[in-house]
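Only one chain is included here, represented as structure tokens and corresponding to the form predicted on its own.
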């Protein structure tokens, strides 16, 4: 009896007593109808199915629980169990290798990208989060980023003197400076108002984020540069995750595996739909750079790879270059 009582007490402390439902709060900062938002809901549904209701995933979109500046701390202290932050968020934690994903023109397409995110390099990078109390579960694509502003962006000179909102990333700061722009770090939830009031002149986003956050209402020009990648790592509080029964953890891993396939399948589809939405609105002029214009931007930003190599680690960059075939010294 004593053993059963002690076991029941331990399980109750973890929220896993017989008949009890484990709640996972899954917080993210983008809209529910983005690739990440839809994948989060897909995961919640699959988790309920595979655990037969033992686990309930509550999804909180649009910074409903925490602003993006606060959410990582909330995860580490256990106030929220699961997040899907952009990869740039790990640099400020001291895991700077993730900022390799921020280097401009690193990937030409998703096939090159997935050699990293679905291979041993990506897995090794997620493992580096564990000393921070974080377990990395998967990478989810959003898409490739494009620049927007209230004036046309065709050649590198067009970026000079403009203030661009970026995520907190030293690599992204250098990217903006490489074309004479002024980087402005701010929370994603604050971007629309900052663009509306002129606090910043422009920003960079996958089209799905640009459209669902209604940035096309306050940006007159969108240049389809596809210069950088925005993806997410789905992460969970490590102590919480390790405390789950092995069978439940396995079921959630399967749910995450299926959600990841879904997330990556819909990413391009959602960006295409959003681009059509921007075009249909008539509020933003959409420009597709010529091959020469894109190469000019690529050359202008190439020094970022040299200047920031030591920050993310030259060995990390070598692994990325090996997978992608990119060589900034040959532009």
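Residue numbers count along the first chain shown, from 1. Owing to the predicted nature of the structure, the values given are computational and were not obtained by experimental measurement.
From this point on, the text means the form predicted together with ligand LMR, which you will not see here.
Here the chain stands by itself, but in the predicted complex one stretch of 295-303, 50-58, 28-36, 260-268, 28-36, has heavy atoms within 4.5 Å of ligand LMR.
The shortest heavy atom separation between residue 221 and ligand LMR in the predicted complex exceeds 4.5 Å. When ligand LMR is considered in the predicted complex, residue 68 lines it closely, a heavy atom lying within 4.5 Å. Although the partner is absent here, residue 188 lies within 4.5 Å of ligand LMR in the predicted complex, judged by heavy atoms.
Proximity of residue 159 to ligand LMR in the predicted complex falls outside the 4.5 Å heavy atom cutoff. The contact with ligand LMR in the predicted complex, taken as any heavy atom within 4.5 Å, belongs to 167 out of 117, 167, 148, 175.
Contact with ligand LMR in the predicted complex, judged by any heavy atom within 4.5 Å, is made by just one of 232, 90, 211, 229: 232. For the partner-free chain shown, nothing in 297-319 comes within 4.5 angstroms of ligand LMR in the predicted complex, judged by any non-hydrogen atom.
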